[in-house]
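We begin with a single chain expressed as structure tokens, specifically the form predicted alone.
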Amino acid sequence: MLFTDAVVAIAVTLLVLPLVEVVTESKTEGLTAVEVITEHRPQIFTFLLSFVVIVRFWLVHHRVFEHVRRYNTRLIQLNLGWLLLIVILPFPTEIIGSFETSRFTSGLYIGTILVLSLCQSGLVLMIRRHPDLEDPDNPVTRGELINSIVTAGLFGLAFVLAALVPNVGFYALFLLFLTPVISRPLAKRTA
């Protein structure tokens, strides 16, 4: 877990580096501090958005690994895939901060998060389905599994809308507010 925490910390740090460069470039161009902020709102917004996304995934990842008592090669490989996507996320973040929102840019960003969410769901599913990995005193609940799958499904729907429907863009991410609305009744019904 320490390696995972370190990689996430580096990814979060990488998010801010383009903003640091903006300040230096803006000073060279003779912009005021206020102009740096006002003219670079998209970059600041995307930094904040991706910071929240990475931190949210990291917190859920921690909760998921509270259920693990042992590791195997497949779990480690899937976790490395999850880490790869965390490390990649600053790249589409920089793209959405530097280029105008389009179906491509929003699709690239949301698609990256979709694959990250699928990896996370895979981790939850693997832990739940392998008693040798799962802590018998702290098993993954059905509700946690459903929440993970619903979240990935909503990211999938957000991706389709952002990539295919003009002018939807990042508004598609508002679908994620439906996660508890969908997950809770499903968890109760199947409990």
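Whichever C-alpha set is largest while still superposing within 1.5 Å between the two forms counts as the rigid core. Each residue number is its position in the shown sequence, starting from 1. Everything numeric in this text was worked out from a predicted model, so none of it was measured.
One more form of this protein, predicted in complex with a further copy of the same chain, exists but is not displayed; see below.
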Self-check item: Triple contact flag L133, V160 and T179 to a further copy of the same chain in the predicted bound form, non-hydrogen atom at 4.5 angstroms
Solution: no
Quiz item: Within a 4.5 Å heavy atom cut-off, is L145 in contact with a further copy of the same chain in the predicted bound form?
Solution: no
Quiz item: Might P18 be said to contact a further copy of the same chain in the predicted bound form, defining contact as any heavy atom within 4.5 Å?
Solution: yes
Quiz item: Looking at the partner-bound form in the predicted bound form, is L83 within 4.5 Å of a further copy of the same chain by any heavy atom?
Solution: yes
Exercise. State yes or no: in the predicted bound form, is some non-hydrogen atom of S121 no more than 4.5 angstroms from a non-hydrogen atom of a further copy of the same chain?
Key: no
Quiz item: Counting only non-hydrogen atoms, which stretch in 133-141, 162-170, 57-65, 149-157 is within 4.5 Å of a further copy of the same chain in the predicted bound form?
Solution: 57-65
Practice problem: Let me know which residues along 76-106 have a heavy atom within 4.5 Å of a further copy of the same chain in the predicted bound form, or say none if there are none. | Solution: I76, L80, L83, L84, V87, I88, P90, F91, E94, I95, S98, F99, F104, T105
Quiz prompt | Rigid core superposed: E66 CA moves 2 Å or more between the shown form and the other one | solution = no
Quiz item: Once the two forms are fit on the core, has E39 moved its CA by at least 2 Å between the shown form and the other one?
Solution: no
Quiz item: Comparing between the shown form and the other one on the rigid core: C-alpha of P136 shifted by 2 Å or more?
Solution: no
